[in-house]
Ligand code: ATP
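Quick heads-up: it's one chain on its own, the form predicted alone, in structure tokens.
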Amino acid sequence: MEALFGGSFDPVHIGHLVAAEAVADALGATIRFLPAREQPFKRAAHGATAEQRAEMLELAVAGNSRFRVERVELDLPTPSYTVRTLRALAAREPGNRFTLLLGADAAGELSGWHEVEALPGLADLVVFARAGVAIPHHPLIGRVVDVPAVDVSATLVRERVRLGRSIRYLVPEAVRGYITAHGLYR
């Protein structure tokens, strides 16, 4: 089984990776990380380009045979609608049924998604439960997987970088090096 885990990943952090590992275990799946080119629900501009976010993901998942980065959204028109991404993947990989992973926060916004009614024809929806976020009741959600609570966010990481504080252990070491080398989030 292949599961798709989309998001800004601006930057990818240990919370993303811990959740993906727990879901991979629970579902017996490989995980494709889908960096969004431009998320419709994000109001602020990304701190890193889509390509930089994909490169940080590549660094973060290196060495984990169950993880890989899927760059399909980087070539699609903006904003990055999940339904458009799933259709592009279905056209490229006919017959492959996908599982779409959503954090409980993203699942809470499902009713506002572009062409949400088309999702069941394209993928099965699995929500991973995050600490402190209620799991929404939505007819499209097929399964809920509990993941270990890791209280870190990309917002926290960006703020710490902006303030000149350490992000060691909040992001993989290779990602920390990339952020420093490229002067991101300052």
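Residue numbers here begin at 1 and follow the sequence given. On a predicted model such as this, the values are computed, not experimentally measured, just so you know.
Not pictured, yet referred to below: the form predicted in complex with the named molecule.
A heavy atom within 4.5 Å of the named molecule in the model of the complex is found for one listed residue only; from I141, V150, I135, V145, this is V150. Checking 21 to 29, 159 to 167, 5 to 13, 172 to 180 against the named molecule in the model of the complex, the stretch whose residues place heavy atoms within 4.5 Å of it is 5 to 13. A residue is said to contact a partner when one of its heavy atoms sits within 4.5 Å of a partner heavy atom; L100 fails this definition for the named molecule in the model of the complex, lying far away. In the model of the complex, the named molecule lies farther than 4.5 Å from every heavy atom of A50.
Taking the partner from the other structure, the named molecule in the model of the complex has no heavy atom within 4.5 Å of any heavy atom of F67.
When the named molecule is considered in the model of the complex, L59 lies well away from it, no heavy atom lying within 4.5 Å. Scanning 154 to 169 for heavy atoms within 4.5 Å of the named molecule in the model of the complex gives A154, T155, R158 in sequence order.
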